[in-house]
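Below you'll find only one chain, the form predicted alone, shown as structure tokens.
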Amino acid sequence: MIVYNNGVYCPLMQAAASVQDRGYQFGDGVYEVIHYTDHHGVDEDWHLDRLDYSLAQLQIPWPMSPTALKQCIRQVRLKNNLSTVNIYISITRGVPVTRDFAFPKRFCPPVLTIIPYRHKPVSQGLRTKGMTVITAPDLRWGRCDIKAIALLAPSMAKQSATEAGADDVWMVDDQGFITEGSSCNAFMVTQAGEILTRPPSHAILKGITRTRLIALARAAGLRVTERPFAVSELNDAAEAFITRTTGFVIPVTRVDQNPVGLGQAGSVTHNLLSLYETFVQEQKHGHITDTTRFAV
């Protein structure tokens, strides 16, 4: 596997970072994951808009222009001969002269890494059977809107789900409302067919797939309401699902061992997945001219 490592294309095992890198010592950096299908980046520009937001929030300068970054991503895909792939991009503040909790007073160049990961399609069995999730207190920091590389809290949450025999965890705030999954946004569908999901705030990451799906659903005449929903509301839900870059739309059929609705993937979830997959194909073939920018 060939990666881009701070100015050099090299085999993965030869890529390295300084032990003084603030990403290593402080988790001081941001990342993005973009899905490419048949060489097309799904909402690539939106992902780079969100990357720009995360960098700005942490006052980290771009290591290169977005246009140049696109070219580096393209080279990584070509060098690995991967047309369908998930591209991981990380940018850290870099290697300062001295270690300090405050941002370095002297400029140090940010460090850029681009790694390709082979895409593992969601199995048809999971699309039909759905995911099982558990709930757990949300113990993350208060700026989840920044896509930061410091992922220990969601990693621990995902581990708790694994140990419980579940597929993922939905984190819950101290008012009893679901925030999001370990690496996904959470949705539920009421018996009346209303789609609910938490509104953007510092408490969640504003997902690219989430945002696109909401727009597609509303354009199709479906009712989407952005409001927090409580764990207790899932007892009366008709359906639930998640959205994420690497899986699009995946049904959730059990929460804390309790079935959601009929305990199987529902029609609304299937319809939303179809809408999103159609969008991906139309965007790939240039049938959609969307000039909107992604606003966090």
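One-based numbering along the sequence shown. Because the structure is predicted, anything quoted here is derived from the model rather than measured.
Keep in mind the form predicted together with ligand PDD is missing from the figure; the text below concerns it.
- If you check ligand PDD in the predicted complex, you find a heavy atom from every one of G181, T243 and T246 within 4.5 Å.
- This chain appears without its partner; in the predicted complex, the one residue of I208, I115, M188, A166 with a heavy atom within 4.5 Å of ligand PDD is I208.
- The partner is absent here; in the predicted complex, the one residue of W62, Y31, Y53, F26 having a heavy atom within 4.5 Å of ligand PDD is Y31.
- Residues with any non-hydrogen atom within 4.5 angstroms of ligand PDD in the predicted complex fall in just one of 62-70, 252-260, 266-274, 31-39: 31-39.
- Contact check for R77: no non-hydrogen atom falls within 4.5 Å of ligand PDD in the predicted complex.
- None of the heavy atoms of R93 is located within 4.5 Å of ligand PDD in the predicted complex.
- In the predicted complex, ligand PDD lies within 4.5 Å of some heavy atom of R140.
- Looking at K147, you'd find a heavy atom of it within 4.5 angstroms of ligand PDD in the predicted complex.
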